[in-house]
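Only one chain is included here, represented as structure tokens and corresponding to the form predicted alone.
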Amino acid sequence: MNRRTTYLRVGQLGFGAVSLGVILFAWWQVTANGIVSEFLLPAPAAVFEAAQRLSAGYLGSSLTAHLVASLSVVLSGYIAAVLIGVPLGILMAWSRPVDIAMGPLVAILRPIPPPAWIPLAILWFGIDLPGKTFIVFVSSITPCLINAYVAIKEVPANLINAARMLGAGNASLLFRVAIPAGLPMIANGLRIALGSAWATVVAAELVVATAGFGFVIMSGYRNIESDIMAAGMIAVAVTGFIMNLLFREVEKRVIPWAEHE
């Protein structure tokens, strides 16, 4: 990392800290001065106390238990989407017959928003892990598939032609040229899919769950505890932020030839 990049990152962190501080100050002011009722927007201190309640245990489960419940659903659905979506996207891009066979189905199912699958998921799989896993899978597979498809389609033709002139066969062209060249875009799709999976599991838990952050938020709503709702939302945001950071760090090490922010 050169000095210019270091300065840019320090500047970004500084601006981020300032913007966060401004938001917290404004939040404190509007609640402390009664501009907004604490029934609608709890004060920062109340949210902090609610977070302590969550950590100690809320509705029979600790904060860690709620985190594990949400992560188990996310990872199971996300991994299934990656294992199916990425190879399918690559095959559709590489093989015309597969593209013709699967393209119309993808085009029909793609516009359906993931929450619309929740009633069918409950009917097919119930309210336990399989049902929520299916919803996460549906939300994650589209970015995995689409990015893998576009990544292979946009491999430069001169790269393919040069490898073919050197005697590379069809399998070598795919696994040693096209896929390595498309990995940065494929990884971008995986990162988008992970964010979509995290957002969707919270939506699924808002409807059917006995644990997880979505369950915490909905329980706060039912019990008229806006501070619990806010604490749950902050926990969702922080967890999603950390997941994105970890993914980027892994991406830098696995795909060092890609351009990284």
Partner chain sequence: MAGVAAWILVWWGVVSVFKVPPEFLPSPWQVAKKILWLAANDIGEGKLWLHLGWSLLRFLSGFMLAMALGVPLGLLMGHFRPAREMLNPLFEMLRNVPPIAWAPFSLLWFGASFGSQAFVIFVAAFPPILMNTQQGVRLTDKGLISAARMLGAGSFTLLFEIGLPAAAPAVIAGLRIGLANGWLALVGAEIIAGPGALTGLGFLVLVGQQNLQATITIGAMALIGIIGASLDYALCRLEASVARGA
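Numbering follows the first chain given and starts at 1. Take the two forms, find the largest set of C-alpha atoms that superpose within 1.5 Å, and that set is the rigid core. Everything numeric in this text was worked out from a predicted model, so none of it was measured.
One more form of this protein should be noted, the form predicted in complex with its partner chain, which is absent from this view; the next part is about it.
The chain is drawn here without its partner chain; in the model of the complex, the stretch among 112-120, 144-152, 67-75, 83-91 whose residues come within 4.5 Å of it by any heavy atom is 112-120.
Although the partner is absent here, A193 sits far enough away that none of its heavy atoms falls within 4.5 Å of its partner chain in the model of the complex. For the chain shown alone, V30 is not a contact residue for its partner chain in the model of the complex, no non-hydrogen atom being within 4.5 angstroms. Heavy atoms of F25 never reach within 4.5 Å of its partner chain in the model of the complex, leaving it off the interface. Taking the partner from elsewhere, A50 is found to have every heavy atom lying beyond 4.5 Å of its partner chain in the model of the complex. Shown here without its partner, the chain carries P42, W124 and M233, all of which come within 4.5 Å of its partner chain in the model of the complex through at least one heavy atom. Using a 4.5 Å cut-off on any heavy atom, the residues of 217-233 that reach its partner chain in the model of the complex are, in sequence order, I217, M218, Y221, S226, M229, A230, M233.
When the rigid core is held fixed, the Cα atom of F15 travels 2 angstroms or more between this form and the one not shown.
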